[in-house]
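Below, in structure tokens: the form predicted alone, a single chain.
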């Protein structure tokens, strides 16, 4: 038997052999947990490989000391860990509660070792079935759940289900379609207007991408963004969209049309690139587009990862003249604590937060209080997902003028957007 030379845990092959023999004992209940650290390689980049190795040893020690009922555990490779756990007499609710508690403790340990990093631990769980005898298949299912958990800061873990296999198969279909569409410049860019509820005029737009399959069906982002983030291809998509809107704004300027500000999404992966700011500015200079016509949207959850690094780069982008907005505000755990540190111009209130707040008088009071705070510190506010006149009125009464949602328009092709909203 050969243990992992760095962490002292089992090697992967030995884990498979030993765990495979255990799960054949149908008299006990087990689960397999697969875990990794989001963007672990950035710890190596920013703190050095010695620190990265020390973090891996911290995780291994944590598994040995604090993970209850572990039968066997291994480091399969890099920052990927797998454990077989005895869960006899433990219900699923306790599994979730324990996973959350343990994740939070482990995140504290990693943050102390690698200062400035606020890691997320991705955890996938597979409850071993009584008839299960194939340990490789069981580990694969735990890993499918682990990969699905990436980017989700709300759930302590993802439990494998057959539905996840459908998602995996969907990713296998999406990636070749994306590559072909990217190569042939066939990715569609749609625009959704942002409207002043007071003047009913368009005050901006958000650029959103769509893929078109072989049958001509439009594939929305919910079907392909996750697959692109897992493979890193999201970076290619974001720059594709930015290039497209730079060309569009340049066309408007050349035709004597005053452009509206167009926002585009920037994935968290960009912020670990040393040349991010320069790459964006070079592209904007290439098309001679004034930066004030571009708004960079950063999802709220991004700021939970490596706050110091991301805040620094956001400041650099604003120094160049770009507007920056925090998207999905209100969807995470620490929104209010972020207000004082985020160097942003715009706050986009998440549609789920908006809708939940409008369900009761107390919720509306919370919405009004939050909007008052944001107005006090001179932040522009956009409420997303507004679908009815009633919602718009309540939002407007709370002090927010700008809305984005199906009440006014869905995301539409650029030529249709120009015909409806852009006047020569």
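Positions refer to the first chain, counted from 1. Bear in mind the structure is a predicted one, so any value in this text is a computation, not a measurement.
There is another form of this protein, the form predicted in complex with a small molecule, and it is not shown here; the text below is about that form.
In the predicted bound form, the small molecule lies within 4.5 Å of some heavy atom of residue 221.
Proximity of residue 328 to the small molecule in the predicted bound form falls within the 4.5 Å heavy atom cutoff. Taking non-hydrogen atoms only, residue 351 approaches the small molecule to within 4.5 angstroms in the predicted bound form.
At least one heavy atom of residue 385 is located within 4.5 Å of the small molecule in the predicted bound form.
Comparing 273-281, 196-204, 73-81, 259-267 against the small molecule in the predicted bound form, the single stretch with non-hydrogen atoms within 4.5 angstroms of it is 259-267. For the options 241, 158, 95, 311, the one in contact with the small molecule in the predicted bound form, meaning a heavy atom within 4.5 Å, is 241. A heavy atom within 4.5 Å of the small molecule in the predicted bound form is found for exactly one of 174, 234, 110, 296: 234. Contact here is defined as any heavy atom lying within 4.5 Å of the small molecule in the predicted bound form, and by that definition each of 192, 225 and 406 is a contact residue.
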